[in-house]
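The chain below stands alone and is given in structure tokens; this is the form predicted alone.
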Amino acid sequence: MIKGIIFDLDGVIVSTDKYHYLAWKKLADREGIYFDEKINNRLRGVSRRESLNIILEKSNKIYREEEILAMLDFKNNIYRSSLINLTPQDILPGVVELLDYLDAKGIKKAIGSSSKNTMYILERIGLTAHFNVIIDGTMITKTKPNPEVFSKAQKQLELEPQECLVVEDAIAGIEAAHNANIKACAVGDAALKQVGDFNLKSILDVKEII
């Protein structure tokens, strides 16, 4: 019996993809590194540092650690400044209806995200109070597909892995759920690639699984 749902944030609850892309693009352009949406898709579900490593594959320059840290700060400052534009209208379709449904059913809810901006994003869209547990990038040392973020959420929900479901839109996130021995509902790109235990056309299809 499912007693808890663990949601990824970006691409599941709200879409901040365009803000990430524009911030990385500004950094890449500044450094003279080729960057496009195809490369950007490889960054989904991975940490900021790993994302930068992927981008730097297109560079011939060897960067010192302090330069890498400065680039990460540059990107994050641009990204965070753009998040002020987020409002509850940016919540993805079906999310609020599903959260209300889970409340009515007494099912616990958690966020499991690699983003260090999770709390700020949830505050901007007004959903912080809807979740029993929030695990974000400030609380983990390993990013997806490592299971740490979902295992921590599951434990803080005080549930067993088989009592939880993960909702994810990235392949790395689906792998992380499986590595945590938790079944995964795929939405978005992950659903199109049929990598989940359940591949959903809409997040509201979670209702049919629990």
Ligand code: B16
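Quick caveat: nothing in here was measured; it's all calculated off a predicted structure. Numbers for residues come from their place in the sequence shown, where the first is 1.
Below, we turn to the form predicted together with the ligand, even though it does not appear here.
**OP:** Could you spot which one of V46, I55, L157, L27 gets a heavy atom to within 4.5 Å of the ligand in the model of the complex?
**Re:** Exactly one listed residue reaches within 4.5 Å, namely V46.
**OP:** Although the ligand is absent from this view, report whether K75 comes within 4.5 Å of it in the model of the complex, heavy atoms only.
**Re:** Within the cut-off, so yes.
Original post:
Even though the ligand is not shown here, does L9 get within 4.5 Å of it in the model of the complex, heavy atoms only?
Top reply: Residue-level check for L9: yes, a contact with the ligand.
Original post:
Does Y79 make contact with the ligand in the model of the complex, using a 4.5 Å heavy atom cut-off?
Top reply: Although the ligand is absent here, Y79 would touch it in the model of the complex, with heavy atoms inside 4.5 Å.
Original post:
At the 4.5 Å heavy atom threshold, is S51 in contact with the ligand in the model of the complex?
Top reply: So S51 counts as contacting the ligand.
Original post:
Counting only heavy atoms and a 4.5 Å cut-off, does the ligand in the model of the complex sit next to every one of N146, H178 and K183?
Top reply: Checked in the model of the complex: no contact with the ligand for any of the three.
Original post:
Going by the ligand in the model of the complex, which residues of 88 to 126 come within 4.5 Å of it through any heavy atom?
Top reply: Contacts from 88 to 126: S113, S114, S115, K116, N117.
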